[in-house]
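Form predicted alone, single chain, as structure tokens, below.
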């Protein structure tokens, strides 16, 4: 019976999940409590994402790289499209920083990148690496902005907010202003007109950020701004893209008599509401809902959807796939 229990324990700790797409699988291995090296408090979590032309032996090389330095893979995700020979992977692993210093890790994965002509190879060690620096750009509506600020303060969003920029004036008694002053986050009000979008000033304010978040910013960023910034910008749209684009998505949904409403978080591109989608969330509605209830439900979805997209991005779960798609592990 002792052998049976041990076999059952091993089976519970080692699970292979076969997905519907034969070219996409997820492998998860929980830490074995019987293995003292896996419960060592000195171990640190690392994340590595990889994208390269598909060929034989990539998984083996990545696994061997981690194992040869004393690391242990906790979860692995791999995706190879059926119609394209491109390999995507995301590995989460534990390692001893003394046995495998950060600089050595960079060199090891760089060597594999050169071997497979990788287009992308990114490493992140959350406990050792600096948090991503972001700036939030907003307009008048506060719901997404306030949710992000509280998520940041509560630790649900592992980022550093460098500043908040808005084209809407908020007085000293405003909830957002009081919160930002309490926590030492600068607030920049920029009066924007059709003739002057103040984009050069925005660029100056966000030059030291890793990515930007648009929390219901109701202005279109120019192609010049996007090229000058050169980094990712995450936006939230109060509708299920690619349908119901533009400012009045809720009114469009009411007029269309939809039974599901949603919110879409996507990367900003030069196309109008057309960037690669990161996250979408939905909620059922009925003939009893009016425009006001549509808006209320939509705002709740927007907050959840935007926060989820930011977390996925910070955890290296989002990889570009083709021109207008993403792989989200």
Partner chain sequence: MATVYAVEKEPCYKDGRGSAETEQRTAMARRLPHVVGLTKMCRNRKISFKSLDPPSSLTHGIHVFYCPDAVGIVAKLSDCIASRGGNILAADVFVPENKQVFYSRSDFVFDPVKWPRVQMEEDFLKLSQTFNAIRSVVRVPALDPKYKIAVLASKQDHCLVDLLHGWQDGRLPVDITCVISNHYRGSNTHVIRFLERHGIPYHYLCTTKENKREGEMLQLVQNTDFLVLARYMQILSGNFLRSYGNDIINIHHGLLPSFKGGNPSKQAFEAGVKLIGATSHFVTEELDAGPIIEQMIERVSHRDNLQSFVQKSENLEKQCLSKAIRSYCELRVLPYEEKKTVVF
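Residue numbers count along the first chain shown, from 1. Just so we're clear, the structure is a prediction, and the values are computed from it rather than from any experiment.
Although it is not shown, the form predicted in complex with the partner chain is what the next lines describe.
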Can all three of 78, 281 and 326 be found with a heavy atom no more than 4.5 Å from the partner chain in the model of the complex?
yes
Just to confirm, with a 4.5 Å cut-off on non-hydrogen atoms, which of 98, 128, 256, 220 contacts the partner chain in the model of the complex?
256
As a check of understanding, the residue in 67, 260, 42, 60 with any heavy atom within 4.5 Å of the partner chain in the model of the complex should be identified as 260
So, residue 290 and the partner chain: in the model of the complex, are they within 4.5 Å at any heavy atom pair?
yes
Could you confirm whether residue 193 comes within 4.5 Å of the partner chain in the model of the complex, counting heavy atoms only?
no
Tell me, yes or no, whether residue 177 is in contact with the partner chain in the model of the complex, where a contact means a heavy atom of each within 4.5 Å.
no
Using 4.5 Å between non-hydrogen atoms, is residue 242 touching the partner chain in the model of the complex?
yes
Out of 137 to 145, 199 to 207, 234 to 242, 108 to 116, where are the residues with a heavy atom within 4.5 Å of the partner chain in the model of the complex?
234 to 242
